[in-house]
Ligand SMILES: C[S@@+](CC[C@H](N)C(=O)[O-])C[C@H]1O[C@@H](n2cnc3c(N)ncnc32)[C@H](O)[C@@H]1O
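Below sits a lone chain in structure tokens, taken as the form predicted on its own.
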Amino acid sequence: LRVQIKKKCQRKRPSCPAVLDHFDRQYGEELGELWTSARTALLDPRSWQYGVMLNRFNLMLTPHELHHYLQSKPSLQCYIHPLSLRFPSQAHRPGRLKQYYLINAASLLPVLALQVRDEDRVLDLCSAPGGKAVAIMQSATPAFLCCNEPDPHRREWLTKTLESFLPHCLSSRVTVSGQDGRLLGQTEAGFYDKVLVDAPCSNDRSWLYSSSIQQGAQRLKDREKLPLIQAQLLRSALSAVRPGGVVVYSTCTLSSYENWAVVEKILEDFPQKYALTLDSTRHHRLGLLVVPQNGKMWGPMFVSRIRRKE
């Protein structure tokens, strides 16, 4: 992999005071002393680290060789550097596969928790921009992967991502859908073996650097509506998965209202129907929370793994 790595020399980006003040109040209460170190990490974008996920399909193979290669055991490979070094992003070029995908390494945890196997039927309910869909295809060769994204602009972004990383011969296995994820469970009830709900959330990293006070204030106002939408998406996913199948719910926020509370609400509504199968190192039975720290700049990322029992 011949690329030049450069340390990004950039002026420190200013944070949005309204968002930072809100985070200080909420996360100071929810995370205690852990928020102090997480706050320091989030306020220094120059130190943020990214993983380099290699594309297993970027090989000079004939169609016949590629067919045999796809029968071999897939391997998800992501490399990280202890320093905040950045690989350059690769531009989308029609007909050319990219060598790697830049990703927050914690973003691979929901895919690993999903444990996709060859010939599984998989739904990525909120798929754009497509990084987790690419990771799924690096780790297994499912019988069918539906990448759903209702927003037209984000769906176009998703389509370009898939075209940049997956060979044309997989087009029969991977499809892009534009349905309302909250309703999809009704139309495709019990069809999937695995469902990923990487839900729209208050993305702490990007919201902290809102471009204006007005944008930050609007985002904080919209934040109040997110738990309801997230619960609707998770409920739809649990309808779409078959009995015995697995749903992974994830966000990239530290907010307990969008993480623990959403999962707890669903389990309270259907106490006999679902079983939680992933515990947390943050002393909470409903999921795993990754909190960024100096030298370990992964996350925020929340992951909860739920199995449908009936």
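When you see a residue number, it is the position in the sequence shown, counting from 1. What you are looking at is a predicted structure, and each value in this text was computed from that prediction instead of being measured.
Missing here is the form predicted together with the named molecule; even so, the following discussion is about that form.
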- Considering the named molecule in the model of the complex, find the one stretch among 207-215, 191-199, 164-172, 74-82 with heavy atoms no farther than 4.5 Å from it. 191-199
- Interface membership of residue 154, the named molecule in the model of the complex, 4.5 Å heavy atom rule: yes
- Task: With heavy atoms only and a cut-off of 4.5 Å, decide whether residue 126 touches the named molecule in the model of the complex.
- Result: yes
- Is the gap between residue 180 and the named molecule in the model of the complex 4.5 Å or less for some heavy atom pair? yes
- Is the gap between residue 131 and the named molecule in the model of the complex 4.5 Å or less for some heavy atom pair? yes
- Query: Considering the named molecule in the model of the complex, which of 233, 114, 137, 147 comes within 4.5 Å of it through any heavy atom?
  - Reply: 233
